[in-house]
Structure formats: C-alpha cells, structure tokens
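The chain below stands alone and is given as structure tokens, in the form predicted alone.
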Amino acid sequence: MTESAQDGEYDEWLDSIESGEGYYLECSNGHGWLPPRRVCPRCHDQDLSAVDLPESGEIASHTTITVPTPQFEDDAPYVTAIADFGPVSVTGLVRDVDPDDVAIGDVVGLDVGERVTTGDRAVVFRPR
C-alpha cells in the first residue's frame, strides 16, 4: 500500500475498519452517523457515543463506472455502492464480484482496500 498523509478522523475510522473494530457514532436519541462528527446533524445532540458497526450490510444502490475520470482510469470498470449497515449508510467500492452481478439487496462486508490508479485507501464492500 502506498504511504500517504493521514486525513484525520476519516483515516482513524478506516484504521478501525481494518482492525475489525469499525464503528459509527450514535446520539442519545438513537440517530446514527459516520465519523467525523461532533454534533448530531438531525437533533443537534452533542452526546455522541461510538457503537460497533454490524458485520454485514445490504446494498441499497449501486452504479458501475466504465468511463472514469483520468484520476481513476486504471480502476475501471468499478462499482460504487451505498450499503446500509444498521442505521448508517456507507459509500464504497464493490470488490471480488463481477460488476454485472452486483444487485440491490446483496449482503456485503466492510473492508478497506486501495484504488488501483492512485493507491489511496478506500472503503470496500465484499460479498458475504
């Protein structure tokens, strides 16, 4: 993996996923959000607690990119998806499955991989 500058709390969150300790933030009213957050955007509660992410999520939406920007040309074709993990939605890249076989409702696990073109770390979904 290519060494790059840390991106604060986002990289800390990616580190937590890599170590099998992925989490989301939940306010005292039960609203869930991905870090970084200091305040619940829904109710403005500042009492946020880390809660373990579920081990699997479900693809809610996806698209296959076949003509990418030059920044991601070596990654194509690739699938970007939104998957629901309990009360939070996570955006990531679907890996280890043919792009034509990705479907809404597919059960996926959360992982960290890297983009082929840039070597940057990225949220990755893999079939369960």
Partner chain sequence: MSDPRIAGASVTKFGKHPERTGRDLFAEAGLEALSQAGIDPEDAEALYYGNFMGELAEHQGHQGPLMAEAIGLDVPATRVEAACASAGTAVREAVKTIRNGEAEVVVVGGAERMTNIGTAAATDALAIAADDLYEVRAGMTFPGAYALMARSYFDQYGGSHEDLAHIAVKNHEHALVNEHAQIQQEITVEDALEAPTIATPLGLYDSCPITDGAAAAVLTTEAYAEEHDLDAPVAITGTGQGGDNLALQDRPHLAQTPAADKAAEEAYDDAGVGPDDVDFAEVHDCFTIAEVFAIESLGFYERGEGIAAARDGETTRDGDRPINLSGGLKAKGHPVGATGVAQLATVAWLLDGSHPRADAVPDSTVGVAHNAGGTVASTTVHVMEVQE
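Numbering follows the first chain given and starts at 1. Quick caveat: nothing in here was measured; it's all calculated off a predicted structure.
The discussion below concerns the form predicted in complex with the partner chain, not included here.
The partner chain: the contacting residue among 69, 46, 29, 49 in the predicted complex [heavy atom, 4.5 Å]: Looking at the other structure, the residue within range turns out to be 69.
How about residue 35: is it within 4.5 Å of the partner chain in the predicted complex, going by heavy atoms? The answer is yes: residue 35 has a heavy atom within 4.5 Å of the partner chain.
Residue 60: touches the partner chain in the predicted complex, heavy atom cutoff 4.5 angstroms: Residue 60: yes, in contact with the partner chain in the predicted complex.
In the predicted complex, residue 93 touching the partner chain (heavy atom, 4.5 Å): Result yes; residue 93 sits at the interface with the partner chain in the predicted complex.
Is the gap between residue 56 and the partner chain in the predicted complex 4.5 Å or less for some heavy atom pair? Judged by the heavy-atom cut-off of 4.5 Å, residue 56 is well away from the partner chain in the predicted complex.
At a 4.5 angstroms cut-off on non-hydrogen atoms, which residues of 77-111 are near the partner chain in the predicted complex? List them in order. Residues within 4.5 Å: 78, 80, 81, 82, 89, 90, 91, 92, 93, 104.
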